[in-house]
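Just one chain follows, in the form predicted alone, and it is written as structure tokens.
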Amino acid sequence: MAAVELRGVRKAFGRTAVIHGIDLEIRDNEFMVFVGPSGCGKSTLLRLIAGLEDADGGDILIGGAEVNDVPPAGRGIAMVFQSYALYPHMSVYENMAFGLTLARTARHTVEDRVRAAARTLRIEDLLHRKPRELSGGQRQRVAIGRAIVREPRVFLFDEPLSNLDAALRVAMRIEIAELRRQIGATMVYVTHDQVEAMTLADRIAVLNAGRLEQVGTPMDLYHHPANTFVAGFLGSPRMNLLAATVTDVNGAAVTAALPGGGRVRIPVIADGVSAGDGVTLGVRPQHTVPAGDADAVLPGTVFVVERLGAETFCHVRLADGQAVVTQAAGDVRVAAGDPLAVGIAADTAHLFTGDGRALPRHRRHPLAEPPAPVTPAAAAPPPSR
């Protein structure tokens, strides 16, 4: 396998710039996910790595070698598309073998690779069928198998689950994660679905309007978003972002006035903010607390209740018109029109400057450091005898 490195990569279509000087290193054997809203440039960036588009500037390296002028067939990559791109007149076996046959690979090698990939993907009994005889999930397995048999240095996935229904997407997501563990490959995966990104990735690259907003592990981005864009994009439901005003600053914390007249003292470093500045308070629905346990309270009225079984999400309208979502127990008794006070815990709240930049936590704060690894003994202590 091989690492992929992007150095100042740029791309424009006509006068419209879509990739703005991206620098990114994808490590050998890493599962990197590009995520962002439609039109952010994630698929274009993948196509630049594949060689299906030519970069207007910067360098692309695969395995340490520059590939700017290398055609797709010479880059050692295999790509899985959203549309499957299977030949309808060929059997599953012929579709999976086509690239190897075209490359004049020995027949016994083709046979061995196709059947090995089919076993891995659990489609051995489908090799004689045509694509029209397969379900969407089976077609996607065939497309992935066609990539596996090529034994590429890098796998590229362009929204491969977008055409599947919700239940099948979950099943295929698990299969892709399992496949990655089995073959141990460098993989770059494009999606607009932040749940896919969080559950599959070793690291996530968040793109917005052709620019790289933040790169990190899923939990890094969840707990330490660099700005309001990342904070609002990752997490389901999204992080609550509320307008607030700084009332006091000291070396240990920033105090902000909240909608409804309350105040909260958040342990962040006052990097470039002072009293009177407008800021954004961020708190995830999962981090809201009962009013009695809160450092500050946001009083409001419930206007939508979403019951998901294990949990309930209450959408609350505050007095100034802003909305906030809070997570409650699945069987909580609440209905639209009920008054509800949303509790804020200072230790899990975030503050962002007027231009959207996150104020950093103090080094010793629980959210400022990555979680300690769990040892097998700590995860499952041996039973006492």
Partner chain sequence: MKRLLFALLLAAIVFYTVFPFYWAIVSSLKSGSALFIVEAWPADPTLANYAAVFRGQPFGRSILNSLLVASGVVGVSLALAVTASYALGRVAFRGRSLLLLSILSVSMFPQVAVLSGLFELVRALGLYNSLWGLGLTYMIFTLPFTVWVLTTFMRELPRELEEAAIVDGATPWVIVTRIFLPLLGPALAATGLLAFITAWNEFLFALTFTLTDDRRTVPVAIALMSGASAFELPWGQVMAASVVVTVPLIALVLVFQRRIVSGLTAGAVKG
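Residue numbers count along the first chain shown, from 1. None of the values given here were measured: they were computed from a predicted structure.
As for the form predicted in complex with its partner chain, it is not shown, yet the points below apply to it.
This chain lacks the partner; the member of H108, H128, H89, R119 within 4.5 angstroms of its partner chain in the predicted complex by a non-hydrogen atom is H89. A single residue from the set A78, M172, L200, A226 has any heavy atom within 4.5 angstroms of its partner chain in the predicted complex; that residue is A78. Only one segment in the set 44-52, 347-355, 329-337, 25-33 has residues whose heavy atoms sit within 4.5 Å of its partner chain in the predicted complex; it is 44-52. At the 4.5 Å threshold, heavy atoms of F98 reach its partner chain in the predicted complex. Residue contact with its partner chain in the predicted complex: S83 places a heavy atom within 4.5 Å of it.
Shown alone here, P72 lies within 4.5 Å of its partner chain in the predicted complex, counting heavy atoms only.
Interface residue remark: R141 is not counted as part of the site for its partner chain in the predicted complex, having no heavy atom within 4.5 Å. Across the proposed site, R284, H315 and A323 without exception lack any heavy atom within 4.5 Å of its partner chain in the predicted complex. In the predicted complex, R146, R150 are the residues of 122-155 with at least one heavy atom within 4.5 Å of its partner chain, listed from first to last.
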